[in-house]
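First comes one chain, alone, set out as structure tokens in the form predicted on its own.
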Amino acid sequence: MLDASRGRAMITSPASAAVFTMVLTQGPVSRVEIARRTGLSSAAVTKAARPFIDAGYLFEMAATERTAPGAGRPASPLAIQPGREFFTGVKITHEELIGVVTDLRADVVATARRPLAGCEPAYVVAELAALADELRGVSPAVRERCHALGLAVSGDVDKDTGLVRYSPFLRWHEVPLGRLAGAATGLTVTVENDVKALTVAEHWFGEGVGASSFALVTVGLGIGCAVVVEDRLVAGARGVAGEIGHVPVGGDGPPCHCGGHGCVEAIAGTPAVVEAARTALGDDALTLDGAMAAARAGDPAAAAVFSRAGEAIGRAMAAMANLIGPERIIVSGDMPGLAAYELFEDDVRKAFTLQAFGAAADCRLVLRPQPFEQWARGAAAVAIQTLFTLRER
């Protein structure tokens, strides 16, 4: 089926969702292979693929392989036409907006940044609209074919409604970001928690491709986590599943901005590490760089701060692995927070191995640093996934 107003292919059935998603994330792939992996008949695969070919989203490559030795004609793999549609993605921090334009395969074709002088929602949305317009203006093709905007925000986000319930670093409460951004830009807007957005990008286009179950843990201002189970991002009833940053591992202290005590984020988040290092070294002006330099120089007090942070992260990751049983855990995050990871990586792995139960300890840990542009790419990936995922109609 096509959306006549824009000539866009639409997902109208589980078969069309399965076929298009497989080609998008794992293609080029032949119809025979799609049928084998999905359990659909060859006729059903052809029927599902046809609207996407007609609309220019898919194309048939030259025949390269036979369905079986000596049998039938060579197969013509289906592949994505990446430039058929473009997507804007923006990561919103308390200091700046980081934006990208991607093609249909989430490959970045343009980037831009815009500093923020404040965090008042109306001001941020106005700056967001200006940045989106700048990004869409990189070429006539992008201007014509970019209809969707993905936004990534830290905190408690309701993706279904575009509501930011709580964002600690932006100090937002109950902000209807999706509605405000849609009105300001005229684009179709999706809003997602930033860690979940990054996980969507890894799931469809990155380290998570081919893994039916994995987790992504981010280390930075906060400690974030999102999990994919049986090829689905786990959101939970209210969209906050996976928040290991607020798993209590430190007893009665220190206090956390969420109102609890002993949370992983209150021990291992960048602000918490800096504050603990200042106290340990008796220097109220100490920065993260200074704390890292002291630890690398062998200062035992500084080293203990990073060791405690690593232990807290490792324990929380083990708790998550015991509950979910992921195939792998991708450790990522923003700079400069992740720059400290080498100082506590051994403590992370040691605590994880000690606390993980049985075979859960065999879960592979993968270090994957990500600049903020990749978080913005994650926002674009959510927009791609939302457009090409079957929804109730």
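We number the residues from 1 along the sequence you see. Between two forms, the rigid core is the largest collection of C-alphas that superpose within 1.5 Å. The structure presented is a predicted model; accordingly, all values stated were derived computationally and were not measured.
There is another form of the same protein, the form predicted in complex with a further copy of the same chain; it is not shown, and what comes next is about it.
Just one of D160, E174, D284, E230 has a heavy atom within 4.5 angstroms of a further copy of the same chain in the model of the complex, so which one?
So the residue touching a further copy of the same chain in the model of the complex, by this definition, is E230.
Among the candidates A297, A117, A237, A122, the residue which, in the model of the complex, approaches a further copy of the same chain to within 4.5 Å (heavy atoms)
None of the others qualify; the residue that does is A237.
Residue stretch of 178-186, 299-307, 251-259, 284-292 approaching a further copy of the same chain in the model of the complex, non-hydrogen atom distance within 4.5 Å
Contact-bearing stretch, as computed: 251-259.
State yes or no: in the model of the complex, is some non-hydrogen atom of K350 no more than 4.5 angstroms from a non-hydrogen atom of a further copy of the same chain?
K350: no, not in contact with a further copy of the same chain in the model of the complex.
Answer for P28 alone: is it within 4.5 Å of a further copy of the same chain in the model of the complex, judged on heavy atom distances?
No, no contact at 4.5 Å.
In the model of the complex, is there a heavy atom of a further copy of the same chain that lies within 4.5 Å of any heavy atom of S213, even though the partner is absent here?
Contact with a further copy of the same chain, yes.
Hey, in the model of the complex, does L367 get a heavy atom within 4.5 angstroms of a further copy of the same chain?
L367: no, not in contact with a further copy of the same chain in the model of the complex.
Honest question, do I11, S16 and I80 all end up within 4.5 Å of a further copy of the same chain in the model of the complex by heavy atom distance?
Verified in the model of the complex; spot residues all out of contact, no.
My question is whether P248 is one of the residues whose C-alpha shifts by 2 Å or more between this form and the one not shown, given a fit on the rigid core.
For P248, whose C-alpha is compared between this form and the one not shown after core superposition, the shift is 2 Å or more.
Determine whether the C-alpha of R238 shifts by 2 Å or more between this form and the one not shown once the rigid core is superposed.
Yes, the C-alpha position differs by at least 2 Å between this form and the one not shown.
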